[in-house]
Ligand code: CP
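Below sits a lone chain in structure tokens, taken as the form predicted on its own.
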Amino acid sequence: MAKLYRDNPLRKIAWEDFHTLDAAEKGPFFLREGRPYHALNAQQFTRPILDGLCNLATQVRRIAKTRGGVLFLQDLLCEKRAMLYFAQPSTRTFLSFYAACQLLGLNPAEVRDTTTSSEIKGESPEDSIRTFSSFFDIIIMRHPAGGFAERIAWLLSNTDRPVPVVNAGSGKDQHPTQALLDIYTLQRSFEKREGIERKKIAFVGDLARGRTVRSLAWLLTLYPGVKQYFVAPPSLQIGPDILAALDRAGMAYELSSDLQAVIPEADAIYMTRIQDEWDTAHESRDVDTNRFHFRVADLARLRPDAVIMHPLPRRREIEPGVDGDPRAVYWRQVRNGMWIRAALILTLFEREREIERYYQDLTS
């Protein structure tokens, strides 16, 4: 139990004080002894942590190619249990975490519909999750309320059973593990082009409410020379808080409403859908987004070594005919989610050295 309280900064601050901090100020509270204990926002990740996670994901991916490697992986966390609490619909995030748990021998349980839990009887979500912590060693959660995962991490840190909390999507503000798989996809895509540094990344679509863009845009500030393009209708353009963070980081960026002008410039096109689950005022119902769709005809204007990404699900913003082009990496992006989330779970449980030793033996 002493290890659970080791260097636990969330036990040293009142919620009222913690809640008022900005994302960058909160980041260090999710670390213990300089390494991730929770995974809650993009701002907690440093470049060395990102590089370590990406290297670990590649090692896990290569180890899993053999039956012996799979058996090794499945023994790593067989004594642990994970709760996947998804109070918001999800396909890829849920399944990639579930698959990552299975890959590592971590026994998963799930609540995907709160009407099947005691919340239907009036139990608070906080009490439900504290119940989960009695049985499980890690809480992986998606919730429609922004900042809720942070509150749960603070709450559990101030109990006699603190456990790691992973934010699998929080309101409109953060989706840090999606940003991790996006970074991993970019790294793999550019591994023969000197990595992510000095690349031009274009975000297209509903940028005002896209939490994937919010998290990835900040992580890209850790890569020197990157320039970001935000291509959207004015009413769906990226928020001023993100631009202010980029300004503080000295990150080059450009706002645009002309996708056709940006396509030839970009090393990566990151397409997004309209986020109308947040459209309570129907403000985007009449917005014409046709000019922000990527079509088969646009492939001719895309650099031969560029990539097209999408966090999915998609609607009409990428024509299905684009899927067969080798530059369309969004299905590879999906699979990368399992590898990087497995690497994250291993890191939270401090098991990465066992992977590194096995990998060295495998490749020596």
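Quick caveat, the model's predicted, so the values are computed rather than measured. Residues carry their position along the shown sequence, with the first being 1.
Another form exists, predicted together with the named molecule; not displayed. Remarks below refer to it.
- Between the named molecule and the residues 93, 157, 228, 189, the one pair within 4.5 Å by heavy atoms in the model of the complex involves 93.
- Distance criterion of 4.5 Å from any heavy atom to the named molecule in the model of the complex singles out 89 from the list 224, 146, 89, 234.
- The stretch among 32 to 40, 296 to 304, 310 to 318, 49 to 57 whose residues place heavy atoms within 4.5 Å of the named molecule in the model of the complex is 310 to 318.
- Using a 4.5 angstroms threshold between heavy atoms, residue 178 counts as touching the named molecule in the model of the complex.
- Put simply, residue 209 is far from the named molecule in the model of the complex: not one heavy atom of it is within 4.5 Å.
- At the 4.5 Å threshold, heavy atoms of residue 142 reach the named molecule in the model of the complex.
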